[in-house]
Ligand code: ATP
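Consider the single chain below, provided in C-alpha cells and representing the form predicted alone.
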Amino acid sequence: MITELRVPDVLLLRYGELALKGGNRASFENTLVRNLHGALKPLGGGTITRRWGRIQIQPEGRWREAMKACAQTFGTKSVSPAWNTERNLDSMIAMGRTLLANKLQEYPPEARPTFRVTVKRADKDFPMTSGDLAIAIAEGMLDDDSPVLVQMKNPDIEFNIDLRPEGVFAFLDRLPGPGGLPVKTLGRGLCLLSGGIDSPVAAWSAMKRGLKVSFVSFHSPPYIGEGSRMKIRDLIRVLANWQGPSELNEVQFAEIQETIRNGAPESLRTILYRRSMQRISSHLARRSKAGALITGENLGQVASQTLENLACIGAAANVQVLRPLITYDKEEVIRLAKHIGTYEVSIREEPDCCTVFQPRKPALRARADECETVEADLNLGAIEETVVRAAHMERIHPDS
C-alpha cells in the first residue's frame, strides 16, 4: 500500500452564512477573498479561486500555517487540505487507501477507529449517485483485515470525495473556522479596550459580525504603569490574528480622573469616568469613520453595569453603542477568551485606569441629568477636547 503522501494540491474552504446573502453574495465572497489574501501575505501569499459554494486556495508553501491562517479568517466555516484525483472509481479508491493509511499512523496499532465514506456530487454528469459511489469506494478501500470499523454516525475518520465540475477532491480533515461574516463587510467599529477578559471578547464578537475593529485605551500615568500599556498592545496583537493589522488610539486620562476626584461626588466617580470615555471615544470614532462604539459591558456584572447606569453611561455617547456580551455569564466569556487566545493575556495582573480613585460605595442608579450638571461644573468638555487632540494612534500587527 502507498503510504507516502505528497503535499496537498489545494485547501478547500467552505463558508456558511455567506451562502444566504442572495444578490449580495458575490460582494461578501469578494471581501472574504481579499481578507484571505491578507492573511496569507505574511506566509508568502497564494492563489485563491472562487467556486460555487467553495473557495480554493493554493498557498505558496507552508500549507499548514496557511490553513491555520485561513481558519482564523471570519466568514470561514471550515478548511480542508485536499488532493486532486482522477474522475474514475479506481483513482478515488487508490487515493482513499493512501489517505487512510497515513491517517492510521496517528493511532496506536491496537486501535480500531470508526470510519465512513462521504461523497458530495456537485457534478451531476458523473454516472453514479452519491450514495452508490460512497458504497463502491468503501468496498474498494476496505477488506476483512482492515483496522477500521464502519460507522455511519460520528465516525472517527471520514474519507470525503468532493466531486465537482472543475475536479475531484479527496480529503479527510476539516479545520473549523469562526464562521460569521468577513471583516469590513459591515463597516467599522471602535472598541473601548480595558485589558480585562470581557472587552477583547466583545471586539472579537463584533469582528465576527463583519466589523473592522479599531481600539481605544485610556492610560493614567503616573497612577498606572507601563505594564498596563504593554498588556493592551499584547491583547491587540492576538486579536489582529483574526482581522489583520489593527489601530490603537491611546488617550491620556489622568487629568480627567483628577478633575473628577477633586470636584465630583465620590459615588459618581466610576460613572463619570465611563461617560467621559464615551464622549472621547465618540470623537475618535467619527475621526476614523467608525459607525459604533463596542464595549465589554455586561448587565449586572459590576456596580457600574446596572440597567440604570448603563443607560446613563450610554447617553454620553453620540454614536451608537454595541454591547455584544450584554447577556453573557462570566463562564461563557472565559470560554470564548480561551478560544480566541486572549485569556492568558487578560489575566495578567495589571491595573486599568478605572481602578484609579475608585469610590468606596459606587452609585447603583445614576441619572444622566445629575451627571450632566456635575460635568458642566467641572468643565470636562474642554479637557476632553485637549486629550482627543493629543491622542496617539499606532498600528499593531499580528503576533504570529
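All residue numbers refer to positions in the sequence shown, first residue = 1. Model, not experiment: these values are computed from the prediction.
The form predicted in complex with this ligand exists for this protein as well; it is not shown, and the discussion that follows is about that form.
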Checklist entry - If you check L239, L272, L193, M207 against this ligand in the predicted bound form, which one has a heavy atom within 4.5 Å? => result L193
Checklist entry - Within 4.5 Å of this ligand in the predicted bound form, heavy atoms considered, which of N309, S199, S214, T73? => result S199
Next on the checklist: in the predicted bound form, does D162 come within 4.5 Å of this ligand, counting heavy atoms only?
Outcome noted: no
Checklist entry - With the cut-off set at 4.5 Å between non-hydrogen atoms, does D352 touch this ligand in the predicted bound form? => result yes
Checklist entry - Should G296 be counted as a contact of this ligand in the predicted bound form, where contact means heavy atoms within 4.5 Å? => result yes
Checklist entry - Taking 4.5 angstroms as the cut-off for heavy atoms, does S288 touch this ligand in the predicted bound form? => result no
Item to check | Heavy atom distance at most 4.5 Å to this ligand in the predicted bound form, all of F218, Q301 and Q305 | outcome: yes
Checklist entry - Which single stretch, out of 64-72, 366-374, 41-49, 353-361, brings residue heavy atoms within 4.5 Å of this ligand in the predicted bound form? => result 353-361
